[in-house]
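Heads up, the chain shows up twice below as C-alpha cells, two forms, tagged structure 1 and structure 2.
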Structure 1
Amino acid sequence: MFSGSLYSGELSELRKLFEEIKARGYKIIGPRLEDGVIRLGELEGFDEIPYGIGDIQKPGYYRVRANGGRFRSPLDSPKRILYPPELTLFRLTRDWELERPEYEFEATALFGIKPCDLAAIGIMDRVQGELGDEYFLKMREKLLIVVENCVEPSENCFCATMGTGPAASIGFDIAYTRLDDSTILFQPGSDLGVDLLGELTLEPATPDQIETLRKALLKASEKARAGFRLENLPDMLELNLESETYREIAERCLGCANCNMVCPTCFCFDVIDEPELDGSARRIRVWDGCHSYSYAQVAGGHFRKDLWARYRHWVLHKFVYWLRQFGSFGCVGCGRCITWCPAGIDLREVISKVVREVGEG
C-alpha cells in the first residue's frame, strides 16, 4: 500500500505545505482549539493547529490536555462545512418575487482531518452528491483534502472495524503521518497532491520508516475496534428487531439528538419558513435528527412515538438500510456519538448486545 509512494520530511515541511496551499489562494479549514474544545475552523496560520495538545474521549466525556499527546476527531466534522446546519433555499420578497441564492465558493482546503472524516466525505458524495445537492456539489468542486493518518485512536474510536481507518486509502490529495515530533511521512493521492509535494524538500521514505509506520498503524488498528464484526451484521440486527436492548437504552437516552448532530454522515433535515420584519420570508433547510420526538410526527399521527423505536431506527439506518440505499454502511467509526452523548451511551455496546441475543436465542 505504501511502498514507493511515501516521502519523508521534517515538521518544517508540513508547515511549508500549509503555507504553499495558502499561497495558492486556498481558504484553509482545520482543527483548532476554541473554548476548550478542538473543532474545525478557518486557520490563518500553521501554529493554530493544536499539535502537542491531546484529548481524552470516553463515553459521555471529553477533555483536552495541554501536556502533550495527540487530538482525535474534533467536535465538528466536514459535514458542517459541506452540509451546513442552516441553509437558505430561497427568499420570497414582500412583492412575492422569488430570489434564489447563488452558491459560490472560494477554493477551500481541509487540512489535517482524520481518515474517518475523509471516509464520511466519500459517503456524502454518494448521498448529497448523487442526489444533486447544489450547495454540496459546488463546494466539493473547490475542495482540497489533506488528511492526517491516526496512530493514536481514542477509547471511543472503532474505525478499524468499519474499514475507514486508521490510515486513509483513497479520496485524498495528500495524506501525512506524524511518526514523531520531527518526522513526517507524506503520501500523494492526486495529481494536485503530487504538484504540492513537489514544492517541499522530501526524500523517499526509508524501509525503517515504512516499517515504523506499519507497526504504528497496526497497533492503532488493534485498538480502534468495536465488539462486533461487520460480517452478517445487517441480518443479525434485523433478526432481533424486538430486542429489549433498545427499550433498556431508552431508559437512559434523552432523545436530544446530539448523536445525530455530531455524526459526520447523518443527513436528515427539516424545512422551515421564517418571516422577516420587512414582509419577506425565507425558506430554510435545517438539520434534523431521528431521535427528536417531532422527527416522525405527521398530521395523521406519529410513526415512531416511542423513544426506543427512534433509537432502533437510527441503528438500523446506519447498519442496515444505508447499505441497501447507498452501498456502504452509514457509520465511519469516529466515536463522536459516544463521546458527545450526555448519557454516555456506547453504540458499540448496544450493537454487540443485540447481536449476542440472536446467538443466544
Structure 2
Amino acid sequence: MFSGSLYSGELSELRKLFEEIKARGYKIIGPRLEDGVIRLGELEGFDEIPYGIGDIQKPGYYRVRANGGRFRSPLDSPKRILYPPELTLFRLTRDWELERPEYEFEATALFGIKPCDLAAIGIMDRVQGELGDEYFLKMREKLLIVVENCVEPSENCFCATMGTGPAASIGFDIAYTRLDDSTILFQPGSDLGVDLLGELTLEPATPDQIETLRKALLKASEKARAGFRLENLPDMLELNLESETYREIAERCLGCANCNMVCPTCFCFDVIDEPELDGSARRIRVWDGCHSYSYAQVAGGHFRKDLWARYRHWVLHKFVYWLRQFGSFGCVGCGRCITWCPAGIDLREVISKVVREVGEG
C-alpha cells in the first residue's frame, strides 16, 4: 500500500468528504463527545465531530476543554468497533440444538481516527491473520479509513518512538491534516481514496503549505517520544526478567486491567457461559486482560498469581513476545494505558527504568 500526493482545501471540504462517504452508504464511526469524554461512536453528521474541543491527557488524567485545542486518541480505539467487547458465539438449547446468531456487516467508515490507531489496525490484521476472529475479518473487509494526522500530540503520546505517527504512512484510504482552522491537507492512500477526493474542490498543496506541514509534523514528532529507544529493546527487557521495577510498579498497580481494555491492540478474550431461564446457555466471547487475577488461573493452580508477574507479562508481551509472534511491537504509543490508569502508572517510565537497570547491573 502506498500514499499519494498532497492536496489542500477549505475546512468545508472535510465536511463534504464526510457527506460524500455517508451518501455512498457507509456507516460512519468517529470521535464524538459523550459525557465529557471523547469516544468513538456512530456519527450522524459532521458537526458531531468535536473539532474545537481539546483534551488534556496526562498520567491518570483526562479532561476536555471547550475553548479550543485539539483532541487526541479517544477513550475507545477501533478495537471496540472491529472486535466488540462482547459477542455471542452461540446459544445451546436444552436439547443440544445449537443456534448461531447472525450479524449484519455494514460497510463502515472510520472517520478521523489517529495514526496510532491506524497502526493498531495493521497490528490487529497481523494478529488475527487469515484464520483469526471471523467478526474482525468480516468488519475489516468493508472498512474505509480516513485518518487525521496529529500536529499536537498529548503529554502521553509516544507514537514517534513506536514509529506509528504523528503522520500516517500506509493503510488508509484518505489521510488529512488540519493545518490550521481553515486549511486541510488531504492525501489519498487508495484507489477509493482518490475517487472520494475527486468529489471535492481541492488544489495541489503549495510548497509553503508542505513546508508548514513538515515543520508541524517534525515538532509533533519531537514531542511524541518516550525516554527509551527501540534498538535492542526486546533483548534489554529479556535480559532483565527479574527486574525489581515490576515489583515496585505492582505496589501501585490495582490490577484493574483498564490498560488492557483501552489498548488498541490487546486482543485477549475469555469465553463465558450465560445460563438462561429456559435451560439453554449462551456462550459469549468477552474481552479479557492479562492484569486480571483470573487470567492465568486454572483449576487447582495459578500461573501468575502475583500482580507483578501479570504486569511484567503485559510489558514483555507488548515489547518482546509480540515481535516473535507477529513481527512487530504490540504497542503503538497512543498513551491510552497511561491516561486511563487510575494509578497514573507511566509505561514509558517503567520500560526506561528496566532498560537502564541492564546498563547499571
Partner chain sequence: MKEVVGSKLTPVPAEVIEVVDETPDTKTFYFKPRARLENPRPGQFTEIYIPGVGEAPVSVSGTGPDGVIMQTVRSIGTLTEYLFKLEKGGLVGIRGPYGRGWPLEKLEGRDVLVIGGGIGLAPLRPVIKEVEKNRSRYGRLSILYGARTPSLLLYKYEFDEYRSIPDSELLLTVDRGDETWTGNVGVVTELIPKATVKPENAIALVCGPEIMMRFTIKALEREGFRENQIYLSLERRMKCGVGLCGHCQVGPYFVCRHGPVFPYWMIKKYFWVDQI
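Sequence positions of structure 1, starting at 1, serve as the residue numbers. Please read these numbers as outputs of a predicted model, since none were measured by experiment. Here the rigid core means the biggest group of C-alpha atoms that line up within 1.5 Å when the two forms are laid on top of each other.
- Between the two copies of this chain, it is structure 1 that is the form predicted on its own.
- A displacement of 2 angstroms or greater separates the C-alpha positions of Leu131 between the two structures, with the rigid core held in common.
- Core superposition gives Glu104 a CA displacement of 3.0 Å between the two structures.
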